[in-house]
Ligand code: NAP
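The chain that follows stands alone, in the form predicted alone, written as structure tokens.
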């Protein structure tokens, strides 16, 4: 199946690329493997210089590169510019801090001297999704390359222009040929690449099913694997929450990236003392959002990435409505070209409905009124996923209850869940394992080598 770039706002095909042949894949893996042997011997100063050069290219060409994201994936132009800028910022962060993160740690032990050294594993395969076509890749590539690994990217088949953009970016920045290599292959061929002896480890951001497939292939050859999978993040509104502060962030938390984000707030759990007011104000704010051309500065929500994705969201909402749920905003797709769906608020959702048990990857919020914070935390944890979570409360005791009680890889207090290079990113339960970003994320693809000198 070829890689096809489709403009989600119009449905028009912009470009098509053939899959790489087995011979082409072999040549690219050989290139990455040979490059890694040399790359790991370069100084951190040289790696930092090249990573900074890549950041400068992103910053210097920001509007042009952002337009690629908007036209290929459908995110608003403002969001695309933010994504490019965030990639540049993260590259600069690792260029500046990698030396500290990778420094040998002296350890007191029975030895005369002992330490832990952090050394690269080798070639890391990254299997990446379409929703943040630059950021998802850079948050792996910046730390992995700075650690002395090389990277091989298998990107989603609907964002080939983004994949080529990244490969060319590292080449233009001066990285040696083979440090970052792109593969155009279908998902059915990923397991063979994972099992290739030249691949040292694999990281995936994607669906639960994709995670199971990649983990199985990696496990069969005992290779390191990091998985960042789906989520159904709770957004808990406690009794002491300030709704003037909460409402705009609830809207942003649900419709960021047109609602297509693993860490988007998806389940809004509100204590009964605030539930009626929250529902009214939240529904009104969602209903007021402008849906349209993602290149238009006035647009708040662009299209979903594909007709299939739009139809999936529509079917989840229709199932809920047919079984007794109520839409207090939206609840329907937008007529005309492109893959648009109105921002939607559902209430009365139960576990008998798809919307009650599945992740909704689109601008659809499900609101649950509950009696108190104990019930809110319990409902927040009543999910097979555990990626992000947020609690909104002015009272320190309520904040502490949310932090201690929520079962998730990340808890944000009075803020929507986000990723930043300073902090580890990842989940628990069926949201995956391992961490990206921060020193922890960089060391996921390092050998923590113990050195004992008697």
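This is a predicted model, so every value here is computed, not measured. Residue numbers count along the first chain shown, from 1.
Only in words, not in the display: the form predicted in complex with this ligand, which the text now covers.
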Exercise for review: Tell me, yes or no, whether residue 392 is in contact with this ligand in the model of the complex, where a contact means a heavy atom of each within 4.5 Å.
Suggested key: no
Check your understanding: Given that the partner is absent here, does residue 77 sit within 4.5 Å of this ligand in the model of the complex, heavy atoms only?
Key -> no
Exercise for review: Report whether the minimum heavy atom distance between residue 129 and this ligand in the model of the complex is within 4.5 Å.
Suggested key: yes
Check your understanding: Does the 4.5 Å heavy atom contact test between residue 267 and this ligand in the model of the complex come out positive?
Key -> no
**Study point:** Interface residue in the model of the complex among 137, 214, 346, 201, criterion: non-hydrogen atom within 4.5 angstroms of this ligand
**Key:** 214
Exercise for review: Note which of 210, 370, 279, 329 lies within 4.5 Å of this ligand in the model of the complex, where distance is taken over heavy atoms; exactly one does.
Suggested key: 210
**Study point:** Region of this chain that lies against this ligand in the model of the complex, out of 375-383, 290-298, 155-163, 317-325 [heavy atom, 4.5 Å]
**Key:** 155-163
**Study point:** Output flag, 187, 190 and 425 jointly within 4.5 Å of this ligand in the model of the complex, heavy atom basis
**Key:** yes
Practice item. At a 4.5 angstroms cut-off on non-hydrogen atoms, which residues of 221-253 are near this ligand in the model of the complex? List them in order. Key: 228, 229, 230, 231
